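One chain comes next, on its own, written as structure tokens: the form predicted alone.
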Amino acid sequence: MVLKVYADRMSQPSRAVIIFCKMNGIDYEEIKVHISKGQHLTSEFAEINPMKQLPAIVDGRFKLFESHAILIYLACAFPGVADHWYPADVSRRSRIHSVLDWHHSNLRRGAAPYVFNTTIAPVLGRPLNPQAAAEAETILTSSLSKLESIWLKGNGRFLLGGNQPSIADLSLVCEIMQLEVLDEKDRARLLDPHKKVQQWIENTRNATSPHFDEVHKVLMKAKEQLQYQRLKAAKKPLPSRI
């Protein structure tokens, strides 16, 4: 049976899993679950993932959720996956796990809630939360600094000093890519101080071309729509005081 990938390409971890499948020639069926429509909250989807989050996979009778676990499973279960994605060497593999564990308790805790509470919330009918955004920005800024000072401190093109990407690079870069939907000035304020991070993003994009840009098309479309809405709001005349 063909691997089934339940995903929404607006979801950062969903994009990572899809890019990985494409890069490694893994035959799969993408089943779209639209977060904006609440399709991940249905009882039907709960049969796939009781946590009601994306992505999730079904491989025959085997069901799995959590993107890091999925990436590890795919790297181990499917033939032909290059060793650099998830090395056989235990020490290198463990270092990848350390990055992935750090990701969920740091970078993701900053990036996702910051984007949501500054940009995405109104799209989903939720109010903006400036306090939550400020708290998330502190975590995000710290995480970007740590990426440079710890994970990207050497001369390698990717995390942990390697010259080829791992599943950790793919997962973390897809996380940061969601900053694309921010106001351009806001995005520049957050990312411009981190030149190594910007170069690493570009390295990962090039290493996973053309799939990286193809999978991120939905995010770029959302970016254009949000920019149009901002311009339209800026041109809206002020109400008369008369």
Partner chain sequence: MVIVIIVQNNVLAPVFRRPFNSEGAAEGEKLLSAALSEIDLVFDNNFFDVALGRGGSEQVIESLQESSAVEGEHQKCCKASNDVKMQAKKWRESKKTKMKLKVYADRMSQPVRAVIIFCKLNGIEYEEVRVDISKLQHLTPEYSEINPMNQLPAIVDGGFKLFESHAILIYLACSYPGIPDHWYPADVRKRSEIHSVLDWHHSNLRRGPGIIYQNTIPVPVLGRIFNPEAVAEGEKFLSASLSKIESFWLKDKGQFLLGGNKPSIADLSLVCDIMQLEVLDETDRDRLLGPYKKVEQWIENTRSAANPHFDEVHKILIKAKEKRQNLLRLKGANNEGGGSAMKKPWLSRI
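A quick note: this is a predicted structure, and the numbers were derived from the prediction, not measured. Numbering follows the first chain given and starts at 1.
Although not depicted, the form predicted in complex with its partner chain is the subject of the following passage.
Residues with any non-hydrogen atom within 4.5 angstroms of its partner chain in the predicted bound form fall in just one of 173 to 181, 66 to 74, 33 to 41, 206 to 214: 66 to 74. Among heavy atoms of Asp59, some come within 4.5 Å of its partner chain in the predicted bound form. By the criterion of a heavy atom within 4.5 Å, Ser91 is counted among the residues contacting its partner chain in the predicted bound form. Contact check for His97: a heavy atom falls within 4.5 Å of its partner chain in the predicted bound form. Using a 4.5 Å cutoff between non-hydrogen atoms, Asn163 does not count as a contact of its partner chain in the predicted bound form. The single residue of 151 to 167 lying near its partner chain in the predicted bound form is Trp151, the criterion being any heavy atom within 4.5 Å.
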